[in-house]
Ligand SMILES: Cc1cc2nc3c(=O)[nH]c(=O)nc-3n(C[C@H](O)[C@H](O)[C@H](O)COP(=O)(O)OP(=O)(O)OC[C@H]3O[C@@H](n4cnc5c(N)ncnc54)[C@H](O)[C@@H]3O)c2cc1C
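Form predicted alone, single chain, as structure tokens, below.
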Amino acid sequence: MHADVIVVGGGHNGLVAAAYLAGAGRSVLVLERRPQLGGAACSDAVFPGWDAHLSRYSYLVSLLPALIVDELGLDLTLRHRRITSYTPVGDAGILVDNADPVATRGALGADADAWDELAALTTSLAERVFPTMTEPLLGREDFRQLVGDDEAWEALFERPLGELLEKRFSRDTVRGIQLTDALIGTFTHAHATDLLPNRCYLYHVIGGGTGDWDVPVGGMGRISGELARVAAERGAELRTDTTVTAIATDGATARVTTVDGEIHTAGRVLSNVAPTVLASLLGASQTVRRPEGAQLKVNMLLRRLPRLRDADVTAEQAFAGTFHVNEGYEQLDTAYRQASAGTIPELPPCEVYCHSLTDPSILGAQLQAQGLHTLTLFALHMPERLFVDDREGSLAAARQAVLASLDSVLAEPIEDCLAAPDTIEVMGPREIEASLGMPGGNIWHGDLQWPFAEHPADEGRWGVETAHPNVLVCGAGARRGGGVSGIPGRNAAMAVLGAPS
């Protein structure tokens, strides 16, 4: 078969690209190796016999621009969370409640002013920067001028993030709450001189021009389902259970071979797989550095929410936002050092999300009536290297450590709250790689990059280009990739369509 464009990988970014290109009259073929579309942005009935559809891999949305939703006519509802976060501290805690700034300031104590000042800085940054994510790349100096704040530029783009947090905040717990946004999906520390934490932090605070992280009504599968619907209605052909084994190109025409020996040709190929996977498909002589994921994912179905040690906060409040577990500033550093030394952290830092409190529609009516809830836990500083030897034993040990960490901040063991003994799923980096094809289980497909051109030759381009003129990256491995955003998918489509650059 010949198509104008072949998209390798039917994750949400590939579907975004397909929808734009098919809508522009291009013939588009999407090839997905899994039996379902959506990649990490999907919903699954994780526990057989239970009418609950969990956002299994990704769960919140911040980076999806309203521009894409509007241009593609997606029928989506993203619901804002009133509670940003709750962090247990002994028998009390810090509740960040968007609807009660007075109580929030009281909980933050001496760091309240610094918290508000940093929020104002990142909000201003988000308003200025986020619109550029769907535009041709600015150069570094033009991006700096756009930021328009020399102090902010120095703190966020030039110096290790830890310096900013230690300068502004006095409490270890508050420093930790802020630092977690710089560590999700990465294996690094606050004073990393490569500024990887800064890049991760930036992507977490600019989304939507506000930095808010919202819950998709109907689960992540609703997003991918809508994208697939629009792409198909516009004429894209979407094939599942089709594994691509090789890509060859002369710069003008590409040949895409699948596992069954079928060969498809196209003028352009868009890669929605990780750069290391693309390099392998292209038969590159020079290998791309294999990324390393650094998280443990635990999905649970509960018969009820667990009791807290804090008598002043309800479980419904605490779990309505991001529930921080042993994520103090020093705790994060200790866990990083222990993992770097090759051992599972004694007290793994984690964060927990309860999708069903904001969006009960992911549960069947009977489960809703019975008061059941989903719970997703994301444990940090669990790099793939910890699971290379004795994978099953290491995964079991990590599960035990993570659940013990969660129990340490609750008034009862979390396992006492499970709907059934088997309504818990634990996935490390290697399980995520096996399921989604993400090398090393890295959810970003590699290190996040600055959202501007770092070399003059890339200014005005889309950040999706490769060494081959007719092979583009449309997934998380693109510049301005990562997260559930659709941004690299749209940018790749714009590059194909010859939008001004």
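Because the structure is predicted, anything quoted here is derived from the model rather than measured. A residue's number is simply how far along the shown sequence it sits, counting from 1.
Here the subject shifts to the form predicted together with the named molecule, a form of this protein not shown in this document.
Asks: Name the residue from 436, 471, 29, 46 that puts a heavy atom within 4.5 Å of the named molecule in the model of the complex.
Replies: Only one listed residue qualifies here, and that residue is 436.
Asks: Is the gap between residue 273 and the named molecule in the model of the complex 4.5 Å or less for some heavy atom pair?
Replies: Contact with the named molecule, yes.
Asks: Look up in the model of the complex whether residue 496 has a non-hydrogen atom within 4.5 angstroms of the named molecule, and give yes or no.
Replies: Residue 496: no contact with the named molecule in the model of the complex.
Asks: If we define contact as a non-hydrogen atom of the residue within 4.5 angstroms of the partner, is residue 334 a contact of the named molecule in the model of the complex?
Replies: No, residue 334 is distant from the partner.
Asks: Does residue 432 reach the named molecule in the model of the complex, with heavy atoms at most 4.5 Å apart?
Replies: Judged by the heavy-atom cut-off of 4.5 Å, residue 432 is in contact with the named molecule in the model of the complex.
Asks: Choose one stretch from 46-54, 66-74, 440-448, 459-467: the one whose residues place a heavy atom within 4.5 angstroms of the named molecule in the model of the complex.
Replies: Looking at the partner contacts, the answer comes out as 440-448.
Asks: Do all of 13, 58 and 378 end up near the named molecule in the model of the complex, with near meaning a heavy atom within 4.5 Å?
Replies: The answer is yes: all three residues contact the partner (heavy atom, 4.5 Å cut-off).
Asks: Between 28-47 and the named molecule in the model of the complex, list the residues on our side with a heavy atom within 4.5 Å.
Replies: The stretch 28-47, when checked against the named molecule in the model of the complex, contributes 31, 32, 33, 34, 38, 39, 40, 41 at the 4.5 Å heavy-atom cut-off.
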